[in-house]
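To begin, one chain is listed below as structure tokens, in the form predicted alone.
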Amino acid sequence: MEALKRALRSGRPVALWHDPPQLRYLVEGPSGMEEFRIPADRTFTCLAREFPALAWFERQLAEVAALQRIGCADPKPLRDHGTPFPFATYDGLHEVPVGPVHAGVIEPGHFRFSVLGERIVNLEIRLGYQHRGVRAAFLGSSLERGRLLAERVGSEPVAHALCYARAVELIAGVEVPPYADRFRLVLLELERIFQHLGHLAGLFTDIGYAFAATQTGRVRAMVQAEIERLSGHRYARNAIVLGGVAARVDEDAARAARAKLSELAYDTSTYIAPVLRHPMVLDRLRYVGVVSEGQAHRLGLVGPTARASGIGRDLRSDEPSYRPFVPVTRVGGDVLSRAHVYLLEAQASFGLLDRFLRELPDGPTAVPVVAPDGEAWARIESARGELLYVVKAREQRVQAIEIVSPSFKNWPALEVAVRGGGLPDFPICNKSFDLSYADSDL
């Protein structure tokens, strides 16, 4: 336990799950990833008081593994709606419940605000309304069916399919062909642009800047058309298979995609980038929803959310195909900083796509994957941040699986960001974090 605490003090938790009869911690430190196994039969000692990034993991353990917590910082359930959820109350403050049903097509989630006038003193978030039993659906399924399930975990089918496939391929001990490895990254970067532009368009809509929202939505729609052109599906489903990719893109299609993406990169720089310098946008987004670098470290935030608070960690830095790679960072930690990270990362992805499509190697699209009994984990930098899959295979089936989405790690940041802010600013603050309900409610 002391070795685990030392690692947590110098690094950050990547995952925590129950593998009976033990708890398994993955911690990323200065020297890389370390795993710690702590015996846990019926109880476990909570560490979230000292390491707040573990809080949601520990609440999840109490429900999924039915382990009793000792010394827990927050006894509330995470997803279990059969257990009372005692919201905090404050004398003299008004309670404003929002959700779980929202206007439009937004996913369900409950937000309980404690406010003094319009100033938010506290926010508590309750999820679990999207809980679909995804982990249970994986168990016993074939490895191929597991890939189909992974594509449907959340709103990033490419990232989830790729991360799952890489874990299975590590168990099988196979390397995908160079063409497949490169084309997978093409799809991943297209998905990143699609996601980032979608949330920028949402921000512009929420502040009433219709022109900016329309231009951003137009470029996003054209990016989706390129996803369909290259993969055969608007969301690139079934494009990634175990051992590689489903089909090859010929030179003419790659050349046409490069030309179109070049146009869209120009439109992004011409019509979207200047928006973030507009006085109205600065007035609405700057200094709103601040998460400091220290808070981001303590909460273990990942992805654009962390990079907007000055934490320059991007898993793409570890991939040879991306090098040289410099993560996009900002230090403001506010809505404007997060918007800048989305924009700059989208622009960088256009440049990466031009290089990847220009340098597509020859060779096969896939290799056979026959996985022996075993276990492996893989993680990638999805649009939202660090995504982790731990897969245990037995007799060509999924025996056990653990999925840690970036949204699962970043949801607690929203509670911190809104404190002291105005209640009318909540929608843009919420939108700026790019959080998914579904892939947090596994």
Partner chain sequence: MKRLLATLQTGRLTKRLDDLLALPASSPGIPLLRPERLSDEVRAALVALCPSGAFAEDGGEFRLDLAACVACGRCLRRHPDAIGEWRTLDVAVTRRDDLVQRVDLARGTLIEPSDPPPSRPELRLPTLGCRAVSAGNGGLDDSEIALAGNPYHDMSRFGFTLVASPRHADALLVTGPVSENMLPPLERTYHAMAAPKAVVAVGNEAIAGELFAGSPCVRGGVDRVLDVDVYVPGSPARPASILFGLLLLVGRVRQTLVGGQPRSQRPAPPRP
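Quantities reported herein were computed from a predicted structural model and do not represent experimental measurements. Numbering follows the first chain given and starts at 1.
We do not show the form predicted in complex with the partner chain, though everything after this point is about it.
- The candidate stretches are 216 to 224, 365 to 373, 331 to 339, 312 to 320, and the one lying within 4.5 Å of the partner chain in the model of the complex by heavy atoms is 216 to 224.
- Among residues of the shown chain, L148 is one whose heavy atoms approach the partner chain to within 4.5 Å in the model of the complex.
- Contact check for V134: a non-hydrogen atom falls within 4.5 Å of the partner chain in the model of the complex.
- Contact between P157 and the partner chain in the model of the complex is found at the 4.5 Å heavy atom cutoff.
- Using a 4.5 angstroms threshold between heavy atoms, A438 counts as touching the partner chain in the model of the complex.
- The partner is absent here, but in the model of the complex a heavy atom of Q130, alone among Q295, Q347, Q130, N122, sits within 4.5 Å of the partner chain.
- Checking R286, H278, R248, H94 against the partner chain in the model of the complex, a heavy atom within 4.5 Å turns up for just one residue: H278.
- Residues M222, Q224, E228, R229, G232, H233, R234, Y235, R237, N238 are the ones in 222 to 246 with at least one heavy atom within 4.5 Å of the partner chain in the model of the complex, listed in sequence order.
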